[in-house]
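The chain below stands alone and is given in C-alpha cells; this is the form predicted alone.
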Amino acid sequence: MSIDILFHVSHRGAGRYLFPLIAAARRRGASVACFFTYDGVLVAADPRLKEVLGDARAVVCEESWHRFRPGEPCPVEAGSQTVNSALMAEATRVVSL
C-alpha cells in the first residue's frame, strides 16, 4: 500500500495546519497517513482528528505518548519509530509539521 502524503507531526501547535491540510488532501483524493511524535502527540488527542482522518492511518510514538499523556489511553494506533520509518518508505511525499 502506498501513501500519497505522510504528515509527520512533532509539535503541539501543528493541529491548526494539520487538520486543513488533511481535509484538502482528502478532497483531492490523496491517501494520507499521520505519525505523531514528541509533543506532537498532543494533536492526536484532539477529538477532531478522527473526523478529519476518516479511515486514514494514524500512529503515535508510544514513548512520546507515555511521556506527554502518562496513564491515558491512546486514541489511535501506538507504534515505534520503526513504524515511522516504514511509513516514510511507503510515502510519496512527507510533510513535516
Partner chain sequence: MNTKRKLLVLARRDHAEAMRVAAGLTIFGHQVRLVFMDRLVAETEENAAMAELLALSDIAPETTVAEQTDLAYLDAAALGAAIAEADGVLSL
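Numbering follows the first chain given and starts at 1. Source: prediction; values computed, not measured.
One more form of this protein, predicted in complex with its partner chain, exists but is not displayed; see below.
Its partner chain is not shown here, and in the predicted bound form it never comes within 4.5 Å of any heavy atom of Asp46. At least one heavy atom of Arg67 is located within 4.5 Å of its partner chain in the predicted bound form. Shown alone here, Cys74 lies farther than 4.5 Å from its partner chain in the predicted bound form, counting heavy atoms only. Although the partner is absent here, Cys61 is a contact residue: one of its heavy atoms lies within 4.5 angstroms of its partner chain in the predicted bound form. Residues are counted as partner-facing when one of their heavy atoms sits within 4.5 Å of its partner chain in the predicted bound form; in 59 to 94 these are Cys61, Glu63, Ser64, Arg67, Gln81, Thr82, Asn84, Ser85, Ala86, Met88, Ala89, Glu90, Ala91, Thr92, Val94, in sequence order.
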